[in-house]
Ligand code: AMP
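Just the one chain here, the form predicted on its own, laid out as structure tokens.
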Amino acid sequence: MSKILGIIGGGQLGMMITEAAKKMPEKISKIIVLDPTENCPASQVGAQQIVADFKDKNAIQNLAEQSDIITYEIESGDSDVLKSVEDKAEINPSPETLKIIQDKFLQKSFLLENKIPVPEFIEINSFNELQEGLKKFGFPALLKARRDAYDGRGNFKIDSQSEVQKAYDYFKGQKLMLEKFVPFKMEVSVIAARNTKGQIKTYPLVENIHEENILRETIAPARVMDTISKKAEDIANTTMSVLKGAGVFGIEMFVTQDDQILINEIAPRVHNSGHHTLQSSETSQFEQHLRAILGLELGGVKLLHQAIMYNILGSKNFEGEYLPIEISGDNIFLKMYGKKISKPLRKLGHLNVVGNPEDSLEDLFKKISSIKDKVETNPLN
């Protein structure tokens, strides 16, 4: 019997989950998203929309009453409210997992308790505690908001004593943590899935390149030794085995100078660094997420083609409606998210450039380089 799927969030991730769900009509008959933006990306591809804030208690209860199963594409939902509606709809990943992950201090504490490697960190409750923490960690160090932060927006890198007060004031009374800076040589991630029966699968390790704390490129597979890939995938498997609930998780990691792996943070949802799977892999991360929360056998995770995912971001000096972006070419796949307004560094779409068997990663980099200027956002008028 097919089910009604509810999604907290209707942005680009909700859009691509909706598109995957539309290909499984025998399992999912209807998709409803809860999102504050009218005509959100998911609604543009066939999802019914409840227009409300992600934390709106009444809206979440309304979604639960209309759905058989609820998942999310953003971790801003109210985990306590979600817990309270578990009698109305099955929720995955579980509200308990969401509660742990959406608070970065609880997340890191949970990982540490389970002997999963993370950078050193401490809780910060006052300016004096920040000063003491910096004496312990030295400069630079990262001051982080514990909640409601993504794409680097909740981080402040403190490079010297002169920046301490500015960093503390920047967060205006939010709950904070301080993290020792890791002089990593590479940022990587593993997309991992766990279904309701406990089956776990991990996709091959990928390499991530950021621009102003926002993911710009993902390279699949990561350019590392097999021993590092194996270490990262083992850590991802351990992490999935201790987290409750089902779904796809994005596990971001650092490769340290001595080739150790530390978890930076976990997203309890499909992840930007997994977009390449739409064309590169046996099963896309979006289909895999649905298979996981529906209790189906997980799909294959083999990387069939080398690939580079390139995020299309809004131009830094422009805000407004923009000219349509059109790219075509052999093994170039453009996905725009239906966002009409460009803002500086806003995620508007992505490109997947996929390799043929004879192509090297360098060939893919050259292809990306040749089309980068064609995806700049320019005013419509």
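As the structure is a computational prediction, the values presented were derived from the model and not from experiment. Numbers follow the displayed sequence, beginning with 1.
Keep in mind that the form predicted together with adenosine monophosphate (AMP) is not shown, yet the notes after this line are about it.
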If we test each of Glu265, Glu207, Glu233, Asp148 for a heavy atom within 4.5 Å of adenosine monophosphate (AMP) in the predicted complex, the one that passes is Glu265
Note: exactly one of Arg291, Arg269, Lys144, Arg194 sits with a heavy atom within 4.5 Å of adenosine monophosphate (AMP) in the predicted complex, namely Lys144
Which of 279 to 287, 197 to 205, 307 to 315, 173 to 181 lies within 4.5 Å of adenosine monophosphate (AMP) in the predicted complex, heavy atoms considered? The stretch 173 to 181
Check: Thinking of Lys104, Asn155 and Phe254 as one candidate spot, does adenosine monophosphate (AMP) come within 4.5 Å of a heavy atom in every one of them in the predicted complex?
Finding: yes
query = Quick one: does Gln165 come within 4.5 Å of adenosine monophosphate (AMP) in the predicted complex, counting heavy atoms only?
reply = no
- Query: How about Gln161: is it within 4.5 Å of adenosine monophosphate (AMP) in the predicted complex, going by heavy atoms?
  - Reply: no
Any non-hydrogen atom of Asn128 within 4.5 angstroms of adenosine monophosphate (AMP) in the predicted complex: no
If you check in the predicted complex, is Asn213 within 4.5 Å of adenosine monophosphate (AMP), heavy atoms only?
-> yes
